[in-house]
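What follows is one chain in structure tokens, specifically the form predicted alone.
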Amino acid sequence: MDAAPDTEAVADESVVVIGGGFGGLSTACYLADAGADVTLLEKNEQLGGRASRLEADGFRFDMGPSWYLMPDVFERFFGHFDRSPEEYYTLTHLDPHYRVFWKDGDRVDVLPDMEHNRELFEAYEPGAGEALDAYLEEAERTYEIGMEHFVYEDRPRLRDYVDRDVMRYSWGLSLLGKMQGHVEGYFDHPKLQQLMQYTLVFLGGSPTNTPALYNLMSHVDFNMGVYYPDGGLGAVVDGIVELAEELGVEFVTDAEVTGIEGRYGAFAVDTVGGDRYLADVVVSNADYAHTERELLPERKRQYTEEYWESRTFAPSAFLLYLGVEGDVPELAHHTLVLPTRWDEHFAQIFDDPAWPDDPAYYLCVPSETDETVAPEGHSNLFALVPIAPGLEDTPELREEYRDLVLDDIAENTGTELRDRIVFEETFCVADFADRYNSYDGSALGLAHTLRQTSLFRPPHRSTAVKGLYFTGATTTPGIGVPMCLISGGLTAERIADTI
């Protein structure tokens, strides 16, 4: 994906991009840079998709993504346009990367200092420090090979994998096993296994349904570091929007799309306000299932309703945004609270959907790093509990679960919040479905199971409508902000190759 889309192929093409998430923003940048006339339509009042911001009473929350991982992807993205991330936002390397509270009273910090991390692992299991080095060495190899030959290169057909280069590069990679078995090959202690697997939440999976290939996430975590963009992930959105405007992209917010008509060279995209946008090419960064099921007539859909019903979707989430008086010194910028065994929580997401009885969850306190996100003398905090998509979501259930989460935080981190809350908001299944048109209220899209990885994910180019393309988390390479940035480049390449 180092090569730009063919300028001659896309120059002067009119393109409408539907949806201003990272995939849509990325695609818009690549196409505008190649000479296309790009208009991006966003349903909501602000750009960023799931990386929306909530601002109230002097607090500013990242409503969705809050981890800045894989800095090399952002550098490569901006570098394509002869820019650098530093021209648009500033990064802070977090120390600790994150803190973990287990519900048996145990607590650890994972630091940028690898010697500390080796000693931490060794304290739980003799030989685990050396095993950590071996695990991360394999994870780094998987990352380097996977990124260059399977992530930055789009391989939408089976025959794209049946060649000598692919076989040579993939030799020895853990392609078919599951993460649980892979991690057990290195570590016996369940807490160490959890430390190597918690990043699967970012992929919308569990240790028993995510391919071992994603051990590469530990290289991302331990070796590449965890960063915070000053101002939050919203600052990254602002930076990419600024870049897009420099490249000539036109943005229209509060422009919910109601239908896509036509085909290559003669598309009409209609919005709820009655506006109609004409284009040669359409790219949808809206939810893939929503685009097919709601924006296209049945004869122009690639997939049936049965197809979507048969997919494994990533979790939704119960989110509790809190502005509180005073500090929360027990918590780090990123904090995980985990049961010593989390099998039951994953089962209540993927096997027997229910609100988790003993949840594993994530706490984010950006005010620990950035004083601008909360009024003086206050802390900005949100809790995120992964839950099954499609769950019943009522005000009564939210209130009940809010109380459970606050009790759990107090019991397991020593942080009592109830009497200090000055601002409070929840976001859950129904909100994901309403704000983002997300299938079953999933927070992320299709999970990265073996049968939903790589060429088994829906394609960038519609097979039913010439000139219609897709980008974002449901396509390849998949879930996560860095992956969506890459997806935008792959979609732009696909457009240049086929128009």
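The shown structure was predicted, so the numbers you read here are calculated from the model rather than taken from an experiment. A residue's number is simply how far along the shown sequence it sits, counting from 1.
One more form of this protein should be noted, the form predicted in complex with a small molecule, which is absent from this view; the next part is about it.
Listed residues 61, 30, 432, 470 were compared with the small molecule in the predicted bound form; 432 is the one with a heavy atom within 4.5 Å. A heavy atom within 4.5 Å of the small molecule in the predicted bound form is found for one listed residue only; from 66, 39, 462, 452, this is 66.
Proximity of residue 489 to the small molecule in the predicted bound form: non-hydrogen atoms within 4.5 Å are absent; the residue sits far from the partner. In the predicted bound form, the small molecule lies within 4.5 Å of some heavy atom of residue 443.
The small molecule is not drawn, but in the predicted bound form it has a heavy atom within 4.5 Å of residue 436. Remark: residue 53 does not count among the residues lining the small molecule in the predicted bound form, judged by a heavy atom distance of 4.5 Å or less.
Taken together, the three residues 192, 195 and 339 all stay farther than 4.5 Å from the small molecule in the predicted bound form, as judged by their closest heavy atom. With the small molecule omitted here, the record of contacts in the predicted bound form names 248-256 of 248-256, 395-403, 79-87, 142-150, defined by a heavy atom within 4.5 Å.
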